[in-house]
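Just the one chain here, laid out as structure tokens, in the form predicted alone.
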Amino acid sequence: MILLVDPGFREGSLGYDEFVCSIAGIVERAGLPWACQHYTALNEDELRDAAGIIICGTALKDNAFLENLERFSWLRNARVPVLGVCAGMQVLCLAFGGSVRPGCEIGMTSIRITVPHQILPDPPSFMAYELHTHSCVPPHGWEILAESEICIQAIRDPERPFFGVLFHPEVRNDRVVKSFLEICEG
């Protein structure tokens, strides 16, 4: 089962349909079971039963998760692949010692691959949909896989299958989610 984590400001917020359900559709079309839980209501059983975890994005001004990072302390002990999308990448960075700072991108953006990886489209670049007001400074030792003119766009932990993408693959680059699911299947 793939666990989708909703970092929206409240359970069932308007952003759920846009940012969580669209990723759920990709997982469903890949033929994998999935479950979703709001980040404030996660429990040990859901985390233990997951074959992979996707921390979804949020609406543009929905940054409440940044004030509740202790709710993501389970990431330190996660033993399955994790993909953070937009807000999820911000969570990954902050949970492992990186930081976020102002960095706004909205709409289609050209992304340059700096280190090719199976999770990303083919090099040298691709177009992706952006919707964020914060950019990320990755944790020490994490590898930068892609950048735009303004922000780091994709990162990975070299020691664990943890990935972050600042763009929204559910809009135009569903191959990113599919590639992550292949990593989860193993």
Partner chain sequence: MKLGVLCSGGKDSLFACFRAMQKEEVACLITLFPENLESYMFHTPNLHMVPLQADAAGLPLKSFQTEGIEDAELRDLSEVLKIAVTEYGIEGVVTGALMSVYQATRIQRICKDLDLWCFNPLWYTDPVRYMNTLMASGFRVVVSGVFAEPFDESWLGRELDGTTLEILSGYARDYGITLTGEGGEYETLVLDAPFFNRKIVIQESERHYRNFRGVLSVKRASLEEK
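Given the structure is predicted, the values throughout are model-derived calculations rather than measurements. Numbering follows the first chain given and starts at 1.
Another form exists, predicted together with the partner chain; not displayed. Remarks below refer to it.
Undergrad: Given the stretches 125 to 133, 139 to 147, 152 to 160, 42 to 50, which is the single one in contact with the partner chain in the model of the complex, using a heavy atom cutoff of 4.5 Å?
TA: Single hit among the candidates: 125 to 133.
Undergrad: So, a 4.5 angstroms cut-off on heavy atom distances: do all three of 18, 28 and 106 pass it with respect to the partner chain in the model of the complex?
TA: Affirmative, all three are within 4.5 Å.
Undergrad: Can any non-hydrogen atom of residue 10 be found within 4.5 angstroms of the partner chain in the model of the complex?
TA: Contact with the partner chain, yes.
Undergrad: Using heavy atoms and a 4.5 Å limit, would one call residue 172 a contact residue for the partner chain in the model of the complex?
TA: Flag for residue 172 set to yes.
Undergrad: Spell out, yes or no, whether the shortest heavy atom distance between residue 69 and the partner chain in the model of the complex is within 4.5 Å.
TA: No, residue 69 is distant from the partner.
Undergrad: Spell out, yes or no, whether the shortest heavy atom distance between residue 59 and the partner chain in the model of the complex is within 4.5 Å.
TA: Yes, residue 59 is a contact residue.
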